[in-house]
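Before any questions on binding or motion, here is one chain by itself as structure tokens, the form predicted alone.
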């Protein structure tokens, strides 16, 4: 018996889903015993040409027709956005349909009501494609690692920023031209703000925390910092010190609390994450039984994302075929996480100061760090000038965020400091 599929959206990813289902139709039937029939597709523009040859009578401009159609068992939401997508998915779940989505912004911002609706209506809500594209990270956390207490997870969760930082490193270039290159090659949106300011990675980290720690974490509560302030000079000094700069999402269980943060970090050259280039993502998960597990692959794009959607679709269909019900532990209700306050998070820091090279300046700066109980590990200075600013690099030992901010504010106010100090945290896995 055919399984009725409804697509809400037929853009790049929706087209990829339709293409995979068409291309692999025979194998899915023979190997999996699954006969998928795309019965309705909600689109905005009926006149837009489509890469997949599908009968025009299956298209509709009213997405509610997908949600209410009794012949559709599984709805796939690939329209994007938050509010409208939320209402459509909620209606589909309430109508007894399983749902698959790639919408991490929706799940991070308004996911609680959808997870609760899935539980109440005993239907599945698959979202593998919402985090790290084609990497099966959701499946790993929800099924493969269920025997473990997850101690930590960290990694590169955003392909756009990783591409930009990779190219800055390779070309010795500053941020703006590499952002333009990423946009020209389709790795960055015309409006890239949610990628470059860390919002996209924070939303993904919030979903991973829900799975890893069985607690609700809001992306708005995660310490977040983007990459637009990173310069070629910082990348050069990081290289000299034995580091590569990456935008990381980091979450750790610490004494019954969760530490969650997204920010650029200096990653040691010999660490696996330092070698993750371009649009690729990688996540390391540390479990109590298995130790470190690393997941790597393309984090975005038409076919990687569509692949993850089809994987959810097949998993849901196979369970429904034998009346097993939704897969995985319920994701609602879950307790709200007790997060480590941002002020209390401790990291080592790379500090780039631009200073007049005069006697006593280094002593002044060291005294202000010492006043906040921050110890200095390394000092680098290239060039000398008492009139023009020269870069002074300091690597500090671990210190609380609040103490570092107070020290840097005071240091930035010194007459000998000619530019706003640059601070980048250092990864200590």
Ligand SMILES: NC(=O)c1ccc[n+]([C@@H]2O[C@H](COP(=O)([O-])OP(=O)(O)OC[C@H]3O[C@@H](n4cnc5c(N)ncnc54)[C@H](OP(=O)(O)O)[C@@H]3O)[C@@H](O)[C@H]2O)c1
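Since the structure is predicted, the reported quantities are computational estimates derived from the model, not experimental observations. Residue numbers count along the first chain shown, from 1.
From this point on, the text means the form predicted in complex with the named molecule, which you will not see here.
Contact here is defined as any heavy atom lying within 4.5 Å of the named molecule in the model of the complex, and by that definition each of 45, 48 and 80 is a contact residue. Looking at 244 to 252, 350 to 358, 317 to 325, 299 to 307, the stretch with residues near the named molecule in the model of the complex, meaning non-hydrogen atoms within 4.5 angstroms, turns out to be 299 to 307.
Contact with the named molecule in the model of the complex, judged by any heavy atom within 4.5 Å, is made by just one of 103, 169, 199, 73: 103. Of the residues given (129, 206, 153, 265), 129 alone sits with a heavy atom within 4.5 Å of the named molecule in the model of the complex.
Although the partner is absent from this view, residue 11 contacts the named molecule in the model of the complex, with a non-hydrogen atom inside 4.5 angstroms. The partner is not shown here, and in the model of the complex the stretch 263 to 283 never reaches within 4.5 angstroms of the named molecule through any heavy atom.
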